[in-house]
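Before any questions on how it binds or moves, here is one chain, the form predicted alone, in structure tokens.
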Amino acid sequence: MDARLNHELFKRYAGNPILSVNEWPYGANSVFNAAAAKVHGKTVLLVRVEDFRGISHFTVARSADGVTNWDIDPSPTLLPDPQGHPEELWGIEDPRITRLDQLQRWAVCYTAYSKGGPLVSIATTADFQSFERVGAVMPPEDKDAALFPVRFNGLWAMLHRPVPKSPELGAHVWISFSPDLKHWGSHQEVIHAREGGWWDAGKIGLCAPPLETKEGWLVLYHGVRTTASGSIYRLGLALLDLEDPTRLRYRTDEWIFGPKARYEREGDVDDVVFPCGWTLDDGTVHIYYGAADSCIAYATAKLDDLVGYVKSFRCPEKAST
């Protein structure tokens, strides 16, 4: 069926959800919003785990096929450190993983939460067992951050979503640059939230880290629509220029994946699909997404289909908002 008719570019795994608290080796309220990476031929998920206090931490799960037989760390892999990092007082949330070949390490952008509000923090790891914190890199309120895997003109680049004090101004995706992963500048908006009745009006945010393709950097983002019965989180695509990621080349008008299955529509937070991680194998994109903030689900799509679809829409500079 034409994707323009059914609005689903990703195909759900029939065995969803693939991970929930039922599989967890220790007590927890929910598992969701996992970062993803391929490490030594295995899929590694860095899973957000919410305990019964409401405080989140991260735990690693590994699988040879990326779908079944998950080997889950028997205890939390990375806990908040409110003594050394007071910005983590109320937990750490929603990680995104990027491989930085120049540093021979994996970088994890995540949300640190405290009395000051949510902000962007970074940690790095070589083995997903021990982590070295860079610490807070953006002031609150800011979240939904991920790094690009390469430098641009000698600088690292990061997509993130600051929130203005005035809600009517909207919450948009920004890009910033850094020489050392700690100090960030040259901030500018790169993908704006639309206005009015659009599915992504008011607030948008990055999902998985930007994915390099020959046509540009593929960006998967979420849009939030507020309705009389609550908010609905759906997904859209954008394509940034390969050499200049501040330049938005294409963006879908329509959402391409949204909550339909029961495990996506009913949970701690209803009507949410929220991928923090994806991997690419032989032209197939694998997304790992939090469903209703209660479990982890899995879906796939062909990379060529995603790129072709986003390019079927007009360039944003020429499109009416």
Ligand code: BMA
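Being a predicted model, the structure only gives us computed values, none of them experimental. The numbering used is simple: start at 1 and walk along the sequence shown.
Only in words, not in the display: the form predicted in complex with ligand BMA, which the text now covers.
K.L.:
In terms of non-hydrogen atoms within 4.5 angstroms, which of the given stretches 37-45, 270-278, 22-30, 256-264 touches ligand BMA in the predicted bound form?
P.N.:
Residues of 270-278 come within 4.5 Å of the partner.
K.L.:
Just one of 142, 87, 200, 94 has a heavy atom within 4.5 angstroms of ligand BMA in the predicted bound form, so which one?
P.N.:
After the contact test, the surviving option is 94.
K.L.:
How about residue 110 - does it come within 4.5 Å of ligand BMA in the predicted bound form, if we only consider non-hydrogen atoms?
P.N.:
It does not: once ligand BMA is placed as it appears in the predicted bound form, residue 110 has no heavy atom within 4.5 Å of it.
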